[in-house]
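What follows is one chain in structure tokens, specifically the form predicted on its own.
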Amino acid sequence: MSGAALPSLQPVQDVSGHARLADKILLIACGALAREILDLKEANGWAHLDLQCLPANLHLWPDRITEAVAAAVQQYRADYAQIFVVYADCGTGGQLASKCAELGVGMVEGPHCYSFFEGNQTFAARAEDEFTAFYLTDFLVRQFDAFVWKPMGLDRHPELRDMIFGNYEKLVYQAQTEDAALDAKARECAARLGLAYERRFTGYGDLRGALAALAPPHHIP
């Protein structure tokens, strides 16, 4: 991101007030995971988790993720007993994991969200048979045009479809929720890409376990 300004943080839940943050853990997360994290917080009563999201479109420039995460950690670390990064490697080539280790913060395990939603072990076991699969999550189904169709230039040059997706055979929709409307939209996405369609309910996969493992910090009066 040399010479470029860091993207502004997108607050999902207020994270102000030093007195009340002593018993909190801050999640610095990809904006594409905001809905899932908030759903898990509500379902499990995880009031000790605060959430701060970086823009989801950083995934279009994975070389910018590490610096943006590091800046967010430095911004908030004085206010929290613990910070946890809700990104996987996400195309950073190990740089994000190295930076998190350097900063002393944990992060979600796995190469990307498709893997941890499926479950990292399950995804790895399927890898040999699914190297021609293209994956979408709930977020990417909702934002298909903004994060797939337009960035790849398919809105302007539909002939690129064969060049980009010619070696893919199917679209796998990893569903986090049971939603007939999203299923229908995912089918449409597969048809637009000329791919066979498979819906696979994954729920929250390893994301649930990663957040469940974050016990509230010990209260120090």
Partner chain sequence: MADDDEIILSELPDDELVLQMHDDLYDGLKEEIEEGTRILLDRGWTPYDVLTKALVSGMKIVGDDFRDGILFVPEVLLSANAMKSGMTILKPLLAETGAPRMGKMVIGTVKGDIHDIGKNLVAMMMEGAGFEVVDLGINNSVEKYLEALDSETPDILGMSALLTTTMPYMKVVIDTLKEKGMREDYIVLVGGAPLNEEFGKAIGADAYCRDAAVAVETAKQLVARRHNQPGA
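Since the model is a prediction, treat every value here as computed from it, not as a measurement. Positions refer to the first chain, counted from 1.
The same protein also has a form predicted in complex with its partner chain, omitted here; what follows describes it.
**Q** Do residue 95 and its partner chain come within 4.5 Å of each other in the predicted complex, heavy atoms counted?
**A** Heavy-atom contact with its partner chain at 4.5 Å: present for residue 95.
**Q** Is there a heavy atom of residue 132 no more than 4.5 Å from a heavy atom of its partner chain in the predicted complex?
**A** Judged by the heavy-atom cut-off of 4.5 Å, residue 132 is in contact with its partner chain in the predicted complex.
**Q** Evaluate residue 128 for contact with its partner chain in the predicted complex, applying a 4.5 angstroms cut-off between non-hydrogen atoms, and reply yes or no.
**A** Answer yes; at least one heavy atom of residue 128 falls within 4.5 Å of its partner chain in the predicted complex.
**Q** With heavy atoms only and a cut-off of 4.5 Å, decide whether residue 46 touches its partner chain in the predicted complex.
**A** Answer no; every heavy atom of residue 46 is more than 4.5 Å from its partner chain in the predicted complex.
**Q** Name the stretch: of 65-73, 47-55, 152-160, 28-36, exactly one has residues whose heavy atoms fall within 4.5 Å of its partner chain in the predicted complex.
**A** Checking each option against the 4.5 Å cut-off leaves 152-160.
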